[in-house]
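Only one chain is given next, in structure tokens, and it is the form predicted on its own.
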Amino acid sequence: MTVRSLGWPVMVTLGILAAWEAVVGALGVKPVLLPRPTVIAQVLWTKAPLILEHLWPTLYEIALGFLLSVVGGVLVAVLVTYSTIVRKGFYPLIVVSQIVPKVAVAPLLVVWFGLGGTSRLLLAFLIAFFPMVINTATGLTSVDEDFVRMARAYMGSRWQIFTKIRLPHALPLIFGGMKISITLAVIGVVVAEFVAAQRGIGYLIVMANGLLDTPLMMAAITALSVMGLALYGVVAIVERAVIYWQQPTDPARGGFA
């Protein structure tokens, strides 16, 4: 995504904020129901130390849970690709496990692992793990078999076929899974903080809700959204650097970068 392509989203966002400010001001809506964007911005500025204090532990758990899901998802996908036992025995169980709502699992993780960061980390991992497995396995197994047979004809080893053919072919799908996983990791950590936590943005949102401090709640949600967008941007930047041969497409012409 280039600076030029950011023009439309920025203009639309500013237009929505201006309309929000005007409508709320004209109707005289109380801040406890829906604060104006200027009020939220003021809270972000005046209570920045409090928000940052709760933002850092959330960021740490999101990043760690995401990295664990990437490593674990890629490893399981490789096993699914190369092991018949894993593909036939465990892969269906992985798919079935996604039927269980992760929100329902969060209280169990708290009972098993306590109120510390472990339960929140595990929930982020469980939610972000599945897209990595699916996307990576799809990418590794969708290689044209003619390329694989040609490599074998030239005495290519299994490792060489994996590193030179399967992995480069799967990289676009792997990064697609990473983009999904980073957003799900944010959801997983915040949901776990809603259930039981003594710090974090989720805890701050619950605390503000209990105090009927809607401006603080909206400010915390805004900070969380900006952080999630920044993490997504980091993944996109790394994707551009790693998959340097892939030409970006223009969303306005029917594709996504």
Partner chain sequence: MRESVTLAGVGKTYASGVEAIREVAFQVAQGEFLTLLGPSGCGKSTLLTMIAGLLAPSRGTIAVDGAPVQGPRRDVGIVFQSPVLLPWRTVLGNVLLPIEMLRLGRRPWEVRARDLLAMAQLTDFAAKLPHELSGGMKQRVSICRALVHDPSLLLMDEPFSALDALTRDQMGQELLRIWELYRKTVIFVTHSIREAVFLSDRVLVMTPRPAAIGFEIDIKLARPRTLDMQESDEFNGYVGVLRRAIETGGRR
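Positions refer to the first chain, counted from 1. These numbers were taken from a predicted model, which means no experiment stands behind them.
Heads up, the form predicted in complex with its partner chain isn't pictured, but that's what we're talking about next.
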Q: Tell me, yes or no, whether Arg149 is in contact with its partner chain in the model of the complex, where a contact means a heavy atom of each within 4.5 Å.
A: yes
Q: May I ask you to state whether Ala153 is within 4.5 Å of its partner chain in the model of the complex, using heavy atom distances?
A: yes
(Q) Using a 4.5 angstroms cut-off on non-hydrogen atoms, would Pro168 count as touching its partner chain in the model of the complex? (A) yes
Q.
I'd like to know whether Ser157 contacts its partner chain in the model of the complex, with contact meaning heavy atoms within 4.5 angstroms.
A. yes
Q: Have a look at 140-148, 100-108, 73-81, 119-127 and name the one stretch with heavy atoms inside 4.5 Å of its partner chain in the model of the complex.
A: 140-148
